[in-house]
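Quick setup: one chain, the form predicted alone, written in structure tokens, and binding and motion questions come after.
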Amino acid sequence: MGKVVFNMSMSLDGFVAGPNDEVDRLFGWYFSGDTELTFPGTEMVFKLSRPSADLLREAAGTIGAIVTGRRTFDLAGAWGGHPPLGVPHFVLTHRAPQEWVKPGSPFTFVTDGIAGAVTQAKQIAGEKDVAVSSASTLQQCLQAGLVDELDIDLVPILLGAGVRLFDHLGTEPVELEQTRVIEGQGVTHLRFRVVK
């Protein structure tokens, strides 16, 4: 069985989005290089530095399912029905949007909490990894002890306000072991194993 991994761009002061959910300043590194990469499952073409492109290409091939929050799903406009990486998405929600509950939908709406969403995603992913997406979803996974690895794309900017990645973790420390550092253009890719 694969791992449960998290990846997101984050500012140096710990924000993953600005006060109005804007992410443009955090994603500038996707267009700061000369190596083209078509993001799997989408029509998006990034222009990355070679180290960042190699890392994204490698990571994309390991993901078999994604767990995300309803807020991210709504902000992304359900990705126009074509979610990132073209893999099944498990969306945490209190109420499923009925327009997406249909045969062939890439979305499964989970109403029984984070553990249920991760369990379902693992069953679908098989030997591949389950990616966790969104700050709130990561916080819930960390509290439940479900995350194996954190991949942070650290962007050299101080946003000062917005959505913090590591809010609401509770009082118990989460010990991490750094396993990789890769320098890209406008970003430093950090990988940590969650010590359990």
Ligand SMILES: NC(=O)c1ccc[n+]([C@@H]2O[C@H](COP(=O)([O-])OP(=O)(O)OC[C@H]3O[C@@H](n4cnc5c(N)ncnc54)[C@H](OP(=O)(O)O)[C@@H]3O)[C@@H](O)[C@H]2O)c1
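Here the structure is a predicted model, which is why all the values come from computation and not from measurement. The first residue of the sequence shown is number 1, and the count goes up from there.
There is also a form predicted in complex with the ligand; it is not shown, and the following applies to it.
The three marked residues, Ser9, Arg71 and Val163, each reach the ligand in the predicted bound form, with a heavy atom inside 4.5 Å. Considering the ligand in the predicted bound form, the lone stretch of 55-63, 41-49, 26-34, 142-150 in range is 26-34 [heavy atom distance within 4.5 Å]. Thr93 belongs to the set of residues with a heavy atom inside 4.5 Å of the ligand in the predicted bound form. Within 4.5 Å of any heavy atom of the ligand in the predicted bound form lies no heavy atom of Ile124. Mapping the unseen interface onto this chain, Val187 falls outside it, with no heavy atom inside 4.5 Å of the ligand in the predicted bound form. The ligand in the predicted bound form is approached by Gly113, whose closest heavy atom lies within 4.5 angstroms of it.
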